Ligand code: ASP
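One chain comes next, on its own, written out as structure tokens in the form predicted on its own.
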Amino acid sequence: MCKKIYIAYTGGTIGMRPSDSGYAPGDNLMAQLSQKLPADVLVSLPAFELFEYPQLIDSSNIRPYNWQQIASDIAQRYHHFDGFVVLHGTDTMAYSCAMTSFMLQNLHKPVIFTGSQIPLCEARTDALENIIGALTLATDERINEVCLYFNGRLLRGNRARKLHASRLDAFDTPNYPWLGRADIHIALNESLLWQPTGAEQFQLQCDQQSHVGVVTLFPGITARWVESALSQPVNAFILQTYGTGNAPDSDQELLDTFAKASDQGKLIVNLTQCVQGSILQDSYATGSALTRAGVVGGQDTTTEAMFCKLHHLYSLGFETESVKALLSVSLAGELSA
């Protein structure tokens, strides 16, 4: 049976063109593809329908509205296509992959995000290979989750991070193996693929105001600085700490600030500033001090995935205690067991 793939073009570098201010989102992507790919090559690809969003964006402008737009778009067309490709800017692709994985849980079809570091309009571009690879993977019935495909790597979407600003291998999953690799042949690590546990569960609520803030520790940070940050009108904060989850325990005023915010109902989640590794909050006295202050360890989840998980749960109406209980539950493969 011939499979049909839906491609959602949201914007990003992949379709950009030069402007007086630098590269900017460009429309009519199908025409660019037709110019780059001979007709006989186009017809050899999986059958697809490309929909171009009316308002194309540079992904640096991503907002919760865009996440809701992408997830709702896929949900509405879910029964009409065999797989989905989302063309997206690279700067915030990891966030969008994570949020889509939480909004579209228990998928029984592939959703593959991709983009490019060099626009399709340029002679030397990585866009073609990424599009062709994503299209091919979107036909694979073994994939039932949101993935990110880039430079030959198939990655779990909510484990991915953009680690390089200018290299073609821009993305990786520091705390999880690759799901697959496209070389001469496409090889999937089937034992690592996420398996649905029941029927599809689409939860498309996505509040337009953020529920989450991020506070990064730095040497010499003061209680006053942290108090100002934690006073922002959001439900939860990601605290980016040192190493396995450590913070200065010699500053009691700082620790009291965290405790006060926790007592007032703010959820503070501890994630490491390191690219790889997990939170082991009670390994050192400097981490245990955070536990006593009410800070909760976020394990090996990425900042992008935790930000989106928290925003998703609060958008669904969960109270803080319920959200806290779900931090250690893998909703869509975002953390290790």
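A quick note: this is a predicted structure, and the numbers were derived from the prediction, not measured. Numbers follow the displayed sequence, beginning with 1.
Another form, the form predicted in complex with ligand ASP, is not on view; read the next lines as being about it.
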### Task
Kindly confirm or deny that Asp58, Thr90 and Gln117 each have some heavy atom within 4.5 angstroms of ligand ASP in the model of the complex.
yes
#### Entry: Which of 189 to 197, 138 to 146, 109 to 117, 240 to 248 sits within 4.5 Å of ligand ASP in the model of the complex, heavy atom basis
109 to 117
### Query
Should Leu313 be counted as a contact of ligand ASP in the model of the complex, where contact means heavy atoms within 4.5 Å?
no
### Query
Going by ligand ASP in the model of the complex, which residues of 3 to 41 come within 4.5 Å of it through any heavy atom?
Gly12, Thr13, Met16
